[in-house]
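The chain below stands alone and is given as structure tokens, in the form predicted alone.
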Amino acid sequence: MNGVHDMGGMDGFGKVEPEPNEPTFHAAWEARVMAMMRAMGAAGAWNIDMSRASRENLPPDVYLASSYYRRWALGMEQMLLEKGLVDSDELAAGRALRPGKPLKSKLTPEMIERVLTRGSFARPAPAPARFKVGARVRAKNMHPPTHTRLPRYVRGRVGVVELIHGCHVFPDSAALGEGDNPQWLYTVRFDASELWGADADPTVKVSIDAFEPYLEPA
């Protein structure tokens, strides 16, 4: 979707300034938010692409005014409401007002290691890869209303396939609860001048990972 989160190449936001010696969490509540998000995912309430989409759907003014984990918290609240796992009065009260609802899986101590370890999203290939290393491809000028991992600044631009990573869960489908729908994943390299015009640094190249449905022959 074309949301405020897709900020690559946008003017007016200034340069990225990393925080020196940045801690993993700036406050205890941030760690709790991350733990809750991962636990609910492990219990089958949602997947990683659904959680990303929940943050992308935040109103622009809320998104820009919120810290990283505040966005996580707001997105999680929205998913809990949408899936009927809590009611708005419970969120307002800050506690359960009625019995909890069952999830797909029960979170047990034995599952903790799995929760804390990033899983593999590789899947068997349903068909041969369409593109080879060295192929010139164009990122489709697409504007889906739902979640996608194709950055807006490369859409319509021509690049070259650098690497082929095999087939993986397709985020655009997973975010909608439509299953894995495995797709080939490529690293595509773009010249800066292709992305930013003749005034761009000619020595700069930008590489992105792009799924096959995002690409077409150039």
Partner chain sequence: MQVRVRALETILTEKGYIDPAALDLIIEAYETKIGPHNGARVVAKAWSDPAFKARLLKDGTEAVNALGYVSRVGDHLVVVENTSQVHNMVVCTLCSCYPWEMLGLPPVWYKSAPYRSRAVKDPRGVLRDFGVTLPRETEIRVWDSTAETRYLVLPMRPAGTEGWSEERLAALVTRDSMIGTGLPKRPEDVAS
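Take the two forms, find the largest set of C-alpha atoms that superpose within 1.5 Å, and that set is the rigid core. This one's a predicted model, so the numbers in the text were calculated from it and none came from an experiment. Positions refer to the first chain, counted from 1.
We do not show the form predicted together with its partner chain, though everything after this point is about it.
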item	value
Partner proximity in the model of the complex: residue 217 to its partner chain, non-hydrogen atom cutoff 4.5 Å	no
Residue 132 within 4.5 Å of its partner chain in the model of the complex, heavy atoms	no
Partner contact for residue 158 in the model of the complex: its partner chain, 4.5 angstroms, heavy atom	no
Any non-hydrogen atom of residue 175 within 4.5 angstroms of its partner chain in the model of the complex	no
Contacts with its partner chain in the model of the complex - residues in 63-81 whose heavy atoms fall within 4.5 Å	63, 68, 69, 70, 71, 72, 73, 74, 76, 77, 80
Residue shift check between this form and the one not shown, rigid core fit, residue 16 Cα at least 2 Å	yes
